[in-house]
Structures are given as structure tokens and as C-alpha cells.
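So this first bit is one chain, no partners, the form predicted alone, shown in C-alpha cells.
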Amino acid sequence: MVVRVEYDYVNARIKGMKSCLLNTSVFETLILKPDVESIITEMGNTAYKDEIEKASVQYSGIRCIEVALRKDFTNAFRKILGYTKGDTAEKYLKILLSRWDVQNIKTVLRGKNIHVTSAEILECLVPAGELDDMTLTEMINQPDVKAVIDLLATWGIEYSKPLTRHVKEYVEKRDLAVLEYAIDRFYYENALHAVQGDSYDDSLIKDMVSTEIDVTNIKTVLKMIRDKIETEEAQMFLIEGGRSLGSEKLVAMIRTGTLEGAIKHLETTPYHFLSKLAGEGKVGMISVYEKELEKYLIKRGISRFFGDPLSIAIAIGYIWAKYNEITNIRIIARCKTADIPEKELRGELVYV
């Protein structure tokens, strides 16, 4: 039996968690620190104090920060799920958090595909979904892509289904895009199917998921054009259900054959901001477009803080704000490690 959502209780607790998020002045302090060790010391004065202290027992430098961030991130979302246990809100939260399971699986598969170290893969993971640190570590320890998929299947993880169906094709073509598309489509189709109702909560989740589909499709189109993939083959990798971009618009973008031509098609859509990058002479830098699209998603998610206080909106806002905070701290720490100039560092951050 599903219990009626008591959003007044859930959102009161989430608002309490929101009050612990770092403000701009703290980020300014972190940016001005000379090195990673001084950042660790400063984080000991924030809500990350407990996890920093635990991590510093075994690790130092960037590794200490990464471990502390992952533990804190995981704990935050486990806490929110605990508040909604048995409520219909739990369904919505699991849909939202599952995006990070998909992201983490894709990250592990990419790492194994190009044979990077386990440590490098681990630093890129965001354990916010149902796949916890221990599970992800076991995945990373597998020798190759197929072994990761076999392990997921052995565990009965639902995302193993689309991967298993397409692993033979991957082995034949050595094209990871086959697997990435399969798992993306599986996630998005299931997520949209779960929010077919007409409630305010359903519409909020559907909006976020369909916006992510748009973003995923734009990234796919740009990569296909860059790699000179024929239109018929490229459109096979497009996902249905986008918020603003239908298949006709996406195919038209592919048919232009150029990144500049594809971006021009977005001028009358919510993604018109990408045109500005083309105007700045960055038309050939796909990573720049991907970064701006990620910023757009983050800002759209955080804006839900201002939605109906008796809905899933507050949880959506917090999840994206926390993700943004973790991402910004990682950027600062990694830039300090690599001696990146302050101006470049600031350009990588997302302030909302």
C-alpha cells in the first residue's frame, strides 16, 4: 500500500539540509587557497568536516577530498530516501537519482574501453543512486567492458538488460556508443513511462527527464557530425521524448553536416545560448558545448527550489544544488592540483 506523501515533513528536512550548502563566500575562500592541503583544512570548517576527518585518516591530497565528497554525497541522498520511505515521493526520487547510476555505469565502461586506471575512473564517479561505493569499486575492478556487464547481470541490476542485448554488437564494432545509447534509451523510456500521470509531481519529473533527453540528443548530434556519420546511421542513436526537440528537428541538424549549421537550428529553442559560443569562434569545440548544456541542466534543476513547497520540487532543487556543489569543489581541487590559473578555474565553475 502506497502512503500519501507528507511533503511538509520531507521538505522541512530537506530545507534543513539546504541550509548546510556552501555559499559563494566559502567558494571564494576555497578558490583563493594556494594548494589542495589548505583546501582540505578549510573544508574542515564546513558541513564536510566529519567526512574530511574520516578520509584524512587514510588519504591525503586530492584523494582525501574525492573520498570525502563521495561519502557526503551518498549520505545526503540516502538520508532523503529515508525520509520518503514508503511514500509515492520515493518513486520520484529514485527516478531522479537513477540518472547517476546510468552516468556511473557509462563512466566505468568508458574507462575500461580506453584502459585508464581504476583510480582515474573512481575520481569521476558520483555515487548518488542505488549503486553505492562498494558496488562501483567492484565494477571498476573488472578487467574489461564485457566483465563489467556480466557482473551487473549476475547482480540482477536492471541496466544490465540493455547492455547484455547489445554487448555482441559492441564486441564486433568496438564502438562504445552502441552501449551508451542502449542504456540511455532504457533509462529514459522507463523514467517517462513512470510519470505518465497528470499530477504536478509527474509533470516536474517529466520536465527534467525530457530536458535531459534534449541535452543527450544534442550531444549525440554534435558527435555524429564531428565523426562524419551518415544521417541514417546517426538518427538510430536519437532518443524519443525530448522536451523541445523532436526527431524532425534533430535529423535536420544532422543533415546540415556541420557543427555551425546544427547549432543554427537551435536559435529558436531553449538551447539558443549555444549560438553565442559559435559566435565566439568555438564552433569546433564540442566539449565547450557539452559544458554549457550541463550548466543549463544544473540551473534548471536548482530553479525547482522555487516550485510548489508541497511537491517534489524542493527535493529536485536540492539534488541538483548538491550535485553542483560537489562538482564545483572537485573543479577547484583538481585545478589547484594541476596549477590551473585562477581565471580559467573560475570559468569552469557554475554559480547559481
Partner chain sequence: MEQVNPTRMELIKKNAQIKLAEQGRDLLREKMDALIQEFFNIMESVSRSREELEVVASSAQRSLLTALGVDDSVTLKSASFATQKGLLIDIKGKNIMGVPVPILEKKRVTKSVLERGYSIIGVSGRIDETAEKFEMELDLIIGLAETETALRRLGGEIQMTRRRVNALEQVLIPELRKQAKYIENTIDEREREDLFRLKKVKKIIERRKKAI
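Numbering follows the first chain given and starts at 1. Note that the rigid core is defined as the largest set of C-alphas that superpose within 1.5 Å between two forms. The model shown is predicted, which means the values in this text are computed figures rather than measured ones.
This protein has a second form, the form predicted together with the partner chain, left out of what is shown; the following refers to that one.
The partner chain in the predicted bound form comes within 4.5 Å of a heavy atom belonging to Arg70.
The partner chain is not drawn, but in the predicted bound form it has no heavy atom within 4.5 Å of Thr84.
The shortest heavy atom separation between Asp227 and the partner chain in the predicted bound form is within 4.5 Å. Contact annotation: Thr327 falls within 4.5 Å of the partner chain in the predicted bound form, judged by heavy atom distances. Contact check for Glu90, Asp202 and Glu240: none of the three has a heavy atom within 4.5 Å of the partner chain in the predicted bound form. Of the stretches 246 to 254, 91 to 99, 215 to 223, 262 to 270, only 215 to 223 has residues with a heavy atom within 4.5 Å of the partner chain in the predicted bound form. Taking a 4.5 Å heavy atom cutoff to the partner chain in the predicted bound form, the contacting residues in 107 to 124 are Thr107, Arg110, Gly111, Ile114, Val116, Glu120, Ile121, Glu123, Cys124.
Core-superposed comparison between this form and the one not shown: CA of Glu120 displaced by 2 Å or more. Here Tyr170 counts as shifted, since its C-alpha moves by at least 2 Å between this form and the one not shown after the core is aligned.
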